[in-house]
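Only one chain is given next, in structure tokens, and it is the form predicted on its own.
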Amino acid sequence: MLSRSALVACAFLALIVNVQAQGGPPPGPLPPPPVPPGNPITAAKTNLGKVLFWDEQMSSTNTTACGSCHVFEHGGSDPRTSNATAHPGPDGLFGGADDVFGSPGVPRTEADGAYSLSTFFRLGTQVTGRKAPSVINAAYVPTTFWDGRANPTFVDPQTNQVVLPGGASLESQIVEPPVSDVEMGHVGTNWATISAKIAASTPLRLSPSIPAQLTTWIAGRTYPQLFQEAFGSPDVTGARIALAIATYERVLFTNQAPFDQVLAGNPQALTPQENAGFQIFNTQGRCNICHAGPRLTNDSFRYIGVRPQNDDLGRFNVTGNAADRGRMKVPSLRNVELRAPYFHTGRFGTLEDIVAFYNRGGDFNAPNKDPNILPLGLSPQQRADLVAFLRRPLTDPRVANQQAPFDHPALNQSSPRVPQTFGVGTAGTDGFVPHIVAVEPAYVGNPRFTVALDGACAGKGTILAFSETSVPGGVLFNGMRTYLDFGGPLTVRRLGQLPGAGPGTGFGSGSIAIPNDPLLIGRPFYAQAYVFDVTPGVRFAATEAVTLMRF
């Protein structure tokens, strides 16, 4: 029986041979990622990128930052992905086998802040058709996104002029989500609008908690002042936003995992079970064919049978090459234990599920399925050993523990300050109960705080009411239950007759300005929508109520 050191030596030799066969250097400790000459790393630009990456004001609804979908303590991916964040997939129907568990974005909104219907999510938060990949170690990847569509040549999103001629896939990727009306933007938004909004915003105004080092650097300055330090002039532009965020992402690489000690020649860095798993990874498991080298990826695109080939054409949409149908980028396995659920579909919840998938040779077939995806015949103990190697050895403790450079501001949407619904709605025509949609932050000075309702009877008049006080348990008024105190001051927005196509389809939204009064900070207020649903047996319908905390 081979000794522990011999097992590691065999596995390490297999890793070296695999990398050299692909034309790469022998593995060693992971070096810093490459930097395009036109966007050098500086402390000011890194700090500015960190502020922008975690600022939810980047989105039209003030609810989504880059960091919303790329949370470091979850491996740089999206921890919100679950059955509650389903996209209906290619058949357009929820609850099917083709559902994708993607990343939540924003409600579909117009330039004036009004909510409009989305095809699948109506007035609720939309969900992407793929789960967000990890941003950690993304600076090494030649072409980013699952399908590799981000071009290494970075073009200014406002002027269409080439800014960086190569090595800038990060910059190219960064400019896409803010203008997506699913992920961050309103319908028809552009980088001129986004840049102007950021220029007028207080940096990280919405964050409940900011690391001390970053607070010291911001020092109460405006965004133009921060851009002045980072770029030499105060201009806030889409290109500069991308350059700063990409600079920040280039310091987000991990080289302090136990696996890095193995790469440095220390065979004692892994436990006996982890060593056994490492050997399986490089031999019977054949994992290292794609997950090669110190980053544990060869950056290739493969169809491995996660979903039917035509459910998501992947790389084919970029190249037009029939052999690329369904192919997706091979992700790095660094910090993989933190990134559940897995694959671009978010379909598998545990590493055990992943190993079982590969052990059975995938779930679907196609002419271009990777020939290495075949039943492996691993025993239960071998599968457990492989999972053990994928966990602790590949995890950089700084990532798991939010230690620099993986410390970060807190997100408002993950705090208790998000709107909270309470009570029950009152049914209208045909028994449909309208519901309230409230996701935006109620910060003082917000010039356009929007609340919506959906599921009412179309064609009926509606008001959206805001009150400083509520009635615990609510009271009945003309057959509906109201939770607002009608005896106190009310702010009312008349929504008019609701668009839609009959009972249960009416929708609308309304906005108010929240005064920029520090005395309001910490004080809640309340909202509820009332529908004048006058039909036989019905007079009013109402939504549940919502508590809105000003900060």
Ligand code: HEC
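Keep in mind it's a predicted model, so treat the numbers as computed, not measured. All residue numbers are counted from 1 along the displayed sequence.
A second form of this protein, the form predicted together with the ligand, is not displayed here; the remarks below concern that form.
Just one listed stretch, out of 369 to 377, 477 to 485, 197 to 205, 262 to 270, contacts the ligand in the predicted bound form at the 4.5 Å heavy atom level, and that stretch is 369 to 377.
Using a 4.5 angstroms heavy atom cutoff to the ligand in the predicted bound form, all of 103, 286 and 304 count as contacting. Screening 107, 393, 294, 133 for any heavy atom within 4.5 Å of the ligand in the predicted bound form leaves a single hit, 133. Residue 65 is the only one of 498, 51, 65, 30 with a heavy atom lying within 4.5 Å of the ligand in the predicted bound form. The closest non-hydrogen atom of residue 463 lies beyond 4.5 Å of the ligand in the predicted bound form. Contact between residue 163 and the ligand in the predicted bound form is not found at the 4.5 Å heavy atom cutoff.
Although the partner is absent here, residue 149 sits close enough that one of its heavy atoms falls within 4.5 Å of the ligand in the predicted bound form. Put simply, residue 425 is far from the ligand in the predicted bound form: not one heavy atom of it is within 4.5 Å. Interface residues of 303 to 341, taken as those with a heavy atom within 4.5 Å of the ligand in the predicted bound form (partner not displayed): 304, 306, 328, 329, 330, 331, 333, 336, 339, in sequence order.
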